[in-house]
Structure formats: structure tokens, C-alpha cells
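Just one chain is shown here, as C-alpha cells, and it is the form predicted on its own.
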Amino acid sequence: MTTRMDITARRKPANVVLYVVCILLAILSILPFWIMFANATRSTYQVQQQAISLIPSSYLLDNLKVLSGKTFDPIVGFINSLIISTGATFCAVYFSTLTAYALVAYSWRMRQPFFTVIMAVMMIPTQVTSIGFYQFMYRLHMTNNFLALILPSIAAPATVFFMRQYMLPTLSLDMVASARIDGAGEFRIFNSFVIPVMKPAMATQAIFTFVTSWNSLFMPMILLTRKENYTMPIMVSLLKGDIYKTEYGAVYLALAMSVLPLLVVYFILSKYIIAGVALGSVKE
């Protein structure tokens, strides 16, 4: 008869292989970021001689001086990107959750056609509507205005779909009805009861939305034409130098500055990812 010790002994080699594979995958995931941060501390000559190096150098301040000597200020671009990404993330996550709540908690005649329209909007590429959107913003005198990049995030069909799918098995409509009987208003129910239940999904979508907004280049380059309004992706795209020399150390430093906030946001909210994507794990 097989004992528990025999079963444990058989599982040990499998666990060792699993740990080794996980460690290798972790190293492969971290390695590109480490090379980028290491190159940010190296000179252009060192990067040209050896593009891949794991050892940091001592040219970080020199690269920062080169980057600061451009016609734009990278610190201002960093702050601009942070403002736009934070505002867009809040608008997309909060109002998408509110829309999903309306689709789940209320029974109204046009609910299913409304959801179908939301799904249809997901198939329209951003580039198709960019010309009309720019003309609309121009007529409203909202070019070179951060609100032109923040407010449209309220309409995020993919986020609405994700929130609705998460809310269907998770949200207890009986608890919502009990709160209404107790006299709570709809916004109080949403802010005090629904949002705590939706935290895993909201945190997951906050990561995706923040990363997408931070890396966005197409629409900001169209709407933001003043140098003081440039975002970090626009500044990185302009770091081509002249026709004779490109400061690769400064380019890597700008890329590192662009990636750093994304890593911070991911590490803060990453614990919610598994809970957020495991939609089928909740049973009533």
C-alpha cells in the first residue's frame, strides 16, 4: 500500500523541475529590463561596442545632462504622462464599473441592445476615428489640453465587458436589494458596497489601462503640439539626435524613465491579477 511518504518522495523531482522552470522564466522576464537599466548608466561608446551588458557603468549623470540638454524637459514629460495616465485610469475604471453595474443590477428594456452596441464599438480601431476626433477637439479648442486625452477614457468598452463578466457571478443582487430597503441611495450602494467587491477586477484593469495610456503615442502626438505638453513617449520618439551622432546612453535613460512608473504600478497592484482573471473560481 502506498504511503504518504512515498507520494511525497515522488513529488519532489517534479517540484524541483517546476521551480527550475519558474526561475528560468523569471530570469528571462527580468533580463531585458536589467540590460536597459544597465545601458542607461553607460556611455554611447560603450553601448556601441557592447550592446548587451549586465554590469552598470558610471555615466548616469552624464546621460542625464545630455537628456536635459535637449529642447524638451524629460521631468516635465514624466509629470505630463503621470497626470494623463492617472486621470485616464481613474475615468476608465470607475465609469466602466458604473456602467457594468447598470447592466447587471438593473432590468430595463434596452439593456441587451445597449451591451451589444458597446461590444460593437470594440471592433472600431482608434486610427479610424482619429481624424474626426481631432476635428472635434479642435472646434472645442481642446488641443494641447490634457482633458482631451483623459475624458475619452470614460468610454472604455473592453473594460466594461471585463467588469460585467466579473460582476455577474460575484455581485449579490440580494445584498443590493437589502441596501435599497434600508434606504441607501444608488451611488452610496455603488461606492460603499459594489466597489469593495470589485476591487480585484478594478485593480487588474487599472494596470492594463495605466500601461496603455502611458505608452500611448499616436493620439498625444496629434493633440499635443507644444513642447511643454509633451509626454514621455513623444520625447523618447524624438531622441534621434542629429545625422552624425545619436546618444544611445541618453536614449536608454529615457526608456528607463518611461518604464519605471509601469513597474511601480504593476508591483503595487499585481497581487490582484490572479483574483481578477480567475472569473470562474467564484461559485454561489
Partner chain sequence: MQPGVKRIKGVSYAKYGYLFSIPFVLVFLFFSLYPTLYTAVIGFTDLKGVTTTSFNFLKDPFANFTGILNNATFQKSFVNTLVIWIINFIPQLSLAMLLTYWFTGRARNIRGEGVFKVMFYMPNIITAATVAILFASIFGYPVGPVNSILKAFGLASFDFSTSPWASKLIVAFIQFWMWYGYTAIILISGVLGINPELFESAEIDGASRGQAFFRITLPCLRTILLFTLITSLIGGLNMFEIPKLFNWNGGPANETMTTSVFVYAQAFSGTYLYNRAAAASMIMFLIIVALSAIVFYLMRDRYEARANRQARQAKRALRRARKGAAA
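Positions refer to the first chain, counted from 1. Treat the numbers as computed from the prediction; the structure is a model and nothing was measured. We call the rigid core whatever largest set of C-alpha positions still superposes within 1.5 Å between the two forms.
From this point on, the text means the form predicted together with the partner chain, which you will not see here.
**Q** Even though the partner chain is not shown here, does P125 get within 4.5 Å of it in the predicted bound form, heavy atoms only?
**A** Contact with the partner chain, yes.
**Q** Going by a heavy atom distance of 4.5 Å, is L64 a contact of the partner chain in the predicted bound form?
**A** Flag for L64 set to no.
**Q** So, in the predicted bound form, is T86 in contact with the partner chain at a 4.5 angstroms heavy atom limit?
**A** Residue-level check for T86: no, no contact with the partner chain.
**Q** I'd like to know if R111 sits close to the partner chain in the predicted bound form, meaning any non-hydrogen atom pair within 4.5 angstroms.
**A** Yes.
**Q** Is any part of 144-183 within 4.5 angstroms of the partner chain in the predicted bound form by a non-hydrogen atom, and which residues would that be?
**A** The stretch touches the partner through L151, P152, I154, A155, A156, P157, V160, F161, R164, Q165, L168, L173, A177, R180.
**Q** Would you say S29 moves its Cα by 2 Å or more between this form and the one not shown, aligning on the core?
**A** Yes, the C-alpha moves 2 Å or more.
**Q** With both forms fit on the core, is the shift of the CA atom of N215 between this form and the one not shown 2 Å or larger?
**A** False for N215: its C-alpha shift is below 2 Å.
**Q** Using a rigid core superposition, assess whether Y230 undergoes a CA shift of 2 Å or more between this form and the one not shown.
**A** The answer is no; the displacement is under 2 Å.
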